[in-house]
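A single chain comes next, written as structure tokens; it is the form predicted alone.
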């Protein structure tokens, strides 16, 4: 028998109720059923409706927080993508201008070679 089984067996073992348990239960039932006694007031947080309301608020806040975080992440990704696009466009402009310079030099060299061969 492992530790969990032993603990479960102990927890579920029959035990005698505490002293005067029956009298306390009967007294409470009589008190609640008495017409002149005000109903027992539970703290607000112990009411089932309040528990459900608190749970709903927690779920709502967590959901809105998740949506807000996702929107923030999307904006950050869009900003990174825009920065990468700008870098690529700059690289293409630089490459284009360098290729134009090389092309011009090649044409100049070809022109010089043609004019040198015809003379």
Partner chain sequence: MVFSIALRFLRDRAVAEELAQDVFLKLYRELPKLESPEHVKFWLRKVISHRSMDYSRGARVRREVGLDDVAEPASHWKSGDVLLQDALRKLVSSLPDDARMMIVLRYQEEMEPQEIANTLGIPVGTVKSRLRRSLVLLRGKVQRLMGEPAR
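Positions refer to the first chain, counted from 1. Every value quoted in this text rests on a predicted model; they were computed, and no experiment measured them. Under this definition, the rigid core comprises the largest set of C-alpha atoms superposing within 1.5 Å between the forms.
One more form of this protein exists, namely the form predicted in complex with its partner chain; it is left out here, but the text below deals with it.
Contact annotation for residue 29: at least one heavy atom lies within 4.5 Å of its partner chain in the predicted complex. The shortest heavy atom separation between residue 9 and its partner chain in the predicted complex is within 4.5 Å. Proximity of residue 4 to its partner chain in the predicted complex: non-hydrogen atoms within 4.5 Å are present.
For the chain shown alone, residue 80 is not a contact residue for its partner chain in the predicted complex, no non-hydrogen atom being within 4.5 angstroms.
Residues are counted as partner-facing when one of their heavy atoms sits within 4.5 Å of its partner chain in the predicted complex; in 6-23 these are 7, 8, 9, 10, 11, 12, 13, 14, 15, 16, 17, 18, 21, in sequence order. When two forms of a protein are overlaid on their rigid core, residues whose CA moves 2 Å or more are considered shifted, and residue 10 is one of them between the shown form and the other one.
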